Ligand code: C5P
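Just the one chain here, the form predicted alone, laid out as structure tokens.
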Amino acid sequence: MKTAKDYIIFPLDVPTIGEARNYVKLLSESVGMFKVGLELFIRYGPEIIKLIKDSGTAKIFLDLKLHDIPETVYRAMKSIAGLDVSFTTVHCGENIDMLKKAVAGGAGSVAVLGVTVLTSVSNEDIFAAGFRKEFSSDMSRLVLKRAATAKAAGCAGIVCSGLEVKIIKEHFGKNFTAVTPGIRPLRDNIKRDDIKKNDQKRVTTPAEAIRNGADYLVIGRPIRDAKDPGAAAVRIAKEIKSELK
């Protein structure tokens, strides 16, 4: 049975394996999954995956955001499939073939998530990139379009902000996994505007994301930067639990 802590994905966004080991040891009983991104994986590769697996029961989300020609993505995904991780990511990109090849390469051994629009991207960024006004004025339309492509390609789900989760669930059902970064707990002494003063533009609180239907929440800074990261993770799990039906 999925518990409140299982919703929490903690990103190991640190430069050394020693720092990663410290967080894994500290949080392995307080979060459900650790996210390994480009910084750690480029430097340490499968070694960091083994470290996490040997440290407890927390699962692994290998967040490499693959984006290349279909055959290259296929071959890369075949390698990832042998690492025994739960999730990995591919940018939805420009055509469905890349996503289909990613799913084929994973061969059911790893759940492939399509990255729709990064939570650091704003409407202004979408407009500046040359997208049509229907997408730059309402980013949920672009997220929905890319999610539809991911679904058609056979992806297990997508990565999107907590702002778009509700519409994703309405269109694709509860079994289409939604992983949401850009999560910032809203405390009594913190104004909503303050949680947006970083590179994340489209943010929600844990409670909002859960109410909207998120399956997993990527929560980094609120845990990592806390005086007591373990206690912060427990506190967030309690906030999540209060929203679970």
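Quick caveat: nothing in here was measured; it's all calculated off a predicted structure. When you see a residue number, it is the position in the sequence shown, counting from 1.
Another form exists, predicted together with the ligand; not displayed. Remarks below refer to it.
The ligand is not drawn, but in the model of the complex it has a heavy atom within 4.5 Å of Arg221. A residue is said to contact a partner when one of its heavy atoms sits within 4.5 Å of a partner heavy atom; Thr119 meets this definition for the ligand in the model of the complex. Taking the partner from the other structure, the ligand in the model of the complex has no heavy atom within 4.5 Å of any heavy atom of Pro206. Not displayed here, the ligand is kept clear of Lys59 by more than 4.5 Å at the level of heavy atoms in the model of the complex. Annotation: in the model of the complex, residues Asp6, Lys166 and Gly213 none come within 4.5 Å of the ligand through any heavy atom.
Looking at 66 to 74, 213 to 221, 26 to 34, 43 to 51, the stretch with residues near the ligand in the model of the complex, meaning non-hydrogen atoms within 4.5 angstroms, turns out to be 213 to 221. The single residue of 152 to 171 lying near the ligand in the model of the complex is Val159, the criterion being any heavy atom within 4.5 Å.
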